[in-house]
Ligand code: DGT
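We begin with a single chain expressed as structure tokens, specifically the form predicted on its own.
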Amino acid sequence: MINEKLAKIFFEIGDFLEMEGVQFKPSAYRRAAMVLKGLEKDVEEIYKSKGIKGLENIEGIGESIAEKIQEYIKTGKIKYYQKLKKAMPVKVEELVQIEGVGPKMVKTLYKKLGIKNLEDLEKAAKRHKIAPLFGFGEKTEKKILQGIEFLKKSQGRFLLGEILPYARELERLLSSLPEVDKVCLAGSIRRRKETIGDIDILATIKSSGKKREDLKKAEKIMDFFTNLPEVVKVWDKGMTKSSVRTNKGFDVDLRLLSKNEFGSALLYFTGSREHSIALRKLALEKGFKLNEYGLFKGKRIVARQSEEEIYRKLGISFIPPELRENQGEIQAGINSFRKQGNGLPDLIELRQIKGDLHVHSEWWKKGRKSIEKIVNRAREMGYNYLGISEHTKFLKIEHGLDEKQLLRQRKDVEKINASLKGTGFYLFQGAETNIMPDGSLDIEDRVLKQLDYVMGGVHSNFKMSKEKMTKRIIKAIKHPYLKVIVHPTGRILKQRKAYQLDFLKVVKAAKTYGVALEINSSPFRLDLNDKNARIAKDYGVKITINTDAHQIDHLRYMELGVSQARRAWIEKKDVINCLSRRAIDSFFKKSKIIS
């Protein structure tokens, strides 16, 4: 798919235009880039079947951008982009990865110091050439160095949401081979870590029982794997293991196993390392030996064909891959096996989600039809309800709605619900209000009380002290109409750290005032992280899992949030959008006792 390549180009065009102070166009190109990143279909296929009109019909793609997509499909380049790059020969996409470094700063650094890339930036900061520049100072220079260090630590890791579709496609392709019997993803991608280093795949051959024939089958499988179009380098090729580098920058390892040893190998290569060490230690205590080839009693194989069999022989109930981090899951598994208390949780499943409460539309631009399209997709997904929660007025860059617009949208929501009568589906109207630096919300109470629910999030002033940020969020939690804190720690994976926050104080306040905390399913956020989400669960705070969708295709990100929740030991009973429409309505309407 060329979607990602085009997205990268459009992000850069937006940055180049912002450097030059161009109004409105940068956000249009960035919006188009986000649309392309979230699009399930290949735009090239859309163009081949429906032409340029098909491109223009994609939500968020206008006529001008559609023409540029067409140009790229036909020629492999965009002249407008080439012209912008020639005028400003800097690696803008590399530099703006640093928190606090925006396109305008990039332009200044290039003009004043000739900085073109990350290496130049680090050298200049270490030589203290940035601080003396007008408008910068020592504090900015220090933050730039901290940002570079943060980026270095996250390099070599890929977002789960970006790598998972590719991994599944590889799994599908290998499964389709006549020589292959079984295929399974392993490693951190099977455990659904939020960032992934590489892809591990295990497979078994459809054995004929004849060694020579099986060797030929293994050779065919490995030839297919190492000659995939995405492969740019073959690190190693053998009959049982091959390793390749893809054009996306990550490595893929494929291991071929016998059917008998598949279970023990899957357990071993799924990890985590900490879980495996604890499991092997337990095996030794029970008189066994556990490794990737099986569970042994002396030289006798006791179990190896399935993970379930190995866990059972060790006196442990099956532990879902998401929990395998040596965070108490082994003892919980033993308790479950013995039918004692404090056993393994009944983890939430994607099918139990009844609706998405954090969804944005283009109502500001296209009116009611924009919401109706999202409602139709939500119904196709089997949801019982949906919550439209637009940004509010402080966030002008996201076309935040003011009081009058929210009330007008309210009327459209009521009309949509009238048309849905008898279908069993309901549309809620919420709002993603801005938590201002003093903890207030940016929409008047007279309007907030007319909405079905109110969410609040921090979208500015991220550098506040721990004490001030904590007070800010707790004040918002106490607001009589606020029911959900969205992306509670403000992090953006591989780009921005969480802001300083006394998270435990926030959790306790959320519990006291009946406010839910969000697991934001966007692959760029996954905020709350698994550790914080588990803390919230342990304190009895309700969770909501939402996509923060800014286009229809983003609704599929719900799976990522559910995976994050599973890693946090979260169950159906902990999640408000597993409730029925009536039950969730009661949660929204429950009054707070404000101290």
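No experiment lies behind these values; they were computed from the predicted model shown. Each residue number is its position in the shown sequence, starting from 1.
Keep in mind that the form predicted in complex with 2'-deoxyguanosine-5'-triphosphate (DGT) is not shown, yet the notes after this line are about it.
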query	finding
Candidate stretches 193 to 201, 451 to 459, 376 to 384, 389 to 397, one within 4.5 Å of 2'-deoxyguanosine-5'-triphosphate (DGT) in the model of the complex by heavy atom	193 to 201
Contact test in the model of the complex: residue 273 vs 2'-deoxyguanosine-5'-triphosphate (DGT), heavy atoms, 4.5 Å	yes
In the model of the complex, residue 188 touching 2'-deoxyguanosine-5'-triphosphate (DGT) (heavy atom, 4.5 Å)	yes
Touches 2'-deoxyguanosine-5'-triphosphate (DGT) in the model of the complex: residue 262 (any heavy atom, 4.5 Å)	no
Heavy atom of residue 280 within 4.5 Å of 2'-deoxyguanosine-5'-triphosphate (DGT) in the model of the complex	yes
The unique member of 268, 524, 311, 426 whose heavy atoms fall within 4.5 Å of 2'-deoxyguanosine-5'-triphosphate (DGT) in the model of the complex	268
Option touching 2'-deoxyguanosine-5'-triphosphate (DGT), based on a heavy atom within 4.5 Å in the model of the complex, out of 157, 511, 415, 85	157
Residues from 229 to 253 in contact with 2'-deoxyguanosine-5'-triphosphate (DGT) (non-hydrogen atom within 4.5 Å) in the model of the complex	none
